[in-house]
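One chain comes next, on its own, written out as structure tokens in the form predicted alone.
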Amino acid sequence: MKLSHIAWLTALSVTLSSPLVYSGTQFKVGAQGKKNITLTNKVGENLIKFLSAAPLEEIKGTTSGISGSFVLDLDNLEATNGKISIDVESMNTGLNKRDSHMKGKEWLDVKKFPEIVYEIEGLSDIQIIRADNNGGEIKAMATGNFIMHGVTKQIKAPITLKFVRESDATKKRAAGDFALVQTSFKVALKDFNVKGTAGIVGSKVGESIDIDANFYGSTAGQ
């Protein structure tokens, strides 16, 4: 065998045995690395709106009892991860009696399950809408574990994320780089064993609940 053939085979062997390195999507906003974002109302009102649409009744509600943080990896957006928690006691539909039923044992059972949690595991289908030295905007699909009523289910949710680098203008509101996340998705009650009073789900309470959320955070924390 010729020397050139031996060298070619050796190079091929090294290439095949070497691990493949996948590079993630970069968010070129004039900064690099991981940004630890903590939710804070100093940047904007963290708010979730929920809607139950059923043939006999439409119920609208909100919750502002939201806390959490996430790591935005500017060098690998796919690796973004974190945890958002919702205080069930803070959920409000405008009627005290209805709220009491919603948080009772037959529904969300707030005493046993005081929080609803979404654990973000990563992003996919990332589209860079804008990116410059001031910040940028992306659209993506978030994948994570949604935990409610003692049940954990994987849920994918489309998100829009805006990142704003700290400037003299942003400092007037709060310190640090800012992030805003908007998302909308549905939660099926049966997936989380929320059965409610017999005959109510599907007539007065929707089988699925529509969720619209705005999350605001800063690298400076709360």
Partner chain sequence: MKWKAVSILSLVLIIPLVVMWLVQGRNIYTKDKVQVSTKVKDEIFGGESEKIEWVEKFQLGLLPGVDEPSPKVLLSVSVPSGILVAIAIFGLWKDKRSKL
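Residue numbers count along the first chain shown, from 1. Just so it is clear, the structure is predicted and the values come from calculations on it, not from any experiment.
What comes next is about the form predicted together with its partner chain, which does not appear here.
Contact between Asn145 and its partner chain in the predicted bound form is not found at the 4.5 Å heavy atom cutoff.
By the criterion of a heavy atom within 4.5 Å, Gly94 is counted among the residues contacting its partner chain in the predicted bound form. When contacts are judged by a 4.5 Å heavy atom cut-off, Gly196 does not count as touching its partner chain in the predicted bound form. Taking non-hydrogen atoms only, Val43 approaches its partner chain to within 4.5 angstroms in the predicted bound form.
Of the residues given (Ala31, Ile159, Leu47, Ile155), Leu47 alone sits with a heavy atom within 4.5 Å of its partner chain in the predicted bound form. Figure note: of the listed segments 73-81, 145-153, 94-102, 118-126, the one touching its partner chain in the predicted bound form, with heavy atoms no more than 4.5 Å away, is 94-102. Contact annotation for the candidate site: Ser69, Lys186 and Val201 all lie away from its partner chain in the predicted bound form (no heavy atom within 4.5 Å). Residues of 42-68 placing a heavy atom within 4.5 Å of its partner chain in the predicted bound form, in sequence order: Val43, Glu45, Leu47, Lys49, Leu56, Glu57, Lys60, Gly61, Thr62.
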